[in-house]
Ligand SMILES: NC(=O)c1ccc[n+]([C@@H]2O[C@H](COP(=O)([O-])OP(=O)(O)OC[C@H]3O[C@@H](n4cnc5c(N)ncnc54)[C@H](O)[C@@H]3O)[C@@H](O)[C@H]2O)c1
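Single chain ahead, written as structure tokens, the form predicted on its own.
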């Protein structure tokens, strides 16, 4: 396939390596307006010119550009995989754009297949202690110091899944606690340091013992590979898909279902 890379930062470079390793070709590299530090074919907005000849676009760019980029994908008939964060408050607008076209559009905050297996295992583990009040629960995530959002999208996804299966936890608290947490609060804490690609931990703690479920990314390669696999998967499909839908389809396919 010929793939356009939208956003050529650390993730864009990792995507390039992953798609070349799988035998694909980079048709264009597009950098958002104002981001001229990285080499690119096009600086500025995604357009029909920059998408010419591409089979699919993979975007790890700026949240404020996703809506206009989605319009460009729809107008040119180019499917897209979007791992950009910080834009889902505009999801309805993107949904309308996608659903009035024939393109496929996959979006999510984490394209690591291993991370999604971690989310599934964590949800199941939390469900096991739902009726055992001796176990309190905590989520902690650690990322590199360049990461702008806190907590991570993956941590918030995990937190919501815990609330779904543990009725006594009804609220997510992401701030600093200078007090004892309320019994119905699930505390989600964050750390930013160095070059950590990403570590997420679900802790279930009682007076007797501690149970932890952890996912630790070693590099951005896992996120990039997942995005390339999603790009291969979305070809020939139309509509808006979450990364969770893609991963479920991939895992079921591997199991022959």
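Residue numbers count along the first chain shown, from 1. Predicted model, so just to flag it, every value in this text is computed and none were measured.
Absent from the display: the form predicted together with the ligand. The rest refers to it.
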Exactly one residue in 228, 30, 70, 56 has a non-hydrogen atom within 4.5 Å of the ligand in the model of the complex; which is it?
30
Heavy atom within 4.5 Å of the ligand in the model of the complex: which of 109, 97, 76, 161?
109
Look at the candidate spot formed by 114, 247 and 250 and say whether the ligand comes within 4.5 Å of a heavy atom in all three of them in the model of the complex.
no
The ligand contact at residue 18 in the model of the complex, heavy atom, 4.5 Å:
no
Does at least one non-hydrogen atom of residue 240 fall within 4.5 angstroms of the ligand in the model of the complex?
no
Going by a heavy atom distance of 4.5 Å, is residue 85 a contact of the ligand in the model of the complex?
yes
Is the gap between residue 24 and the ligand in the model of the complex 4.5 Å or less for some heavy atom pair?
no
Heavy atom contact within 4.5 Å of the ligand in the model of the complex, the stretch among 60-68, 228-236, 47-55, 187-195:
60-68
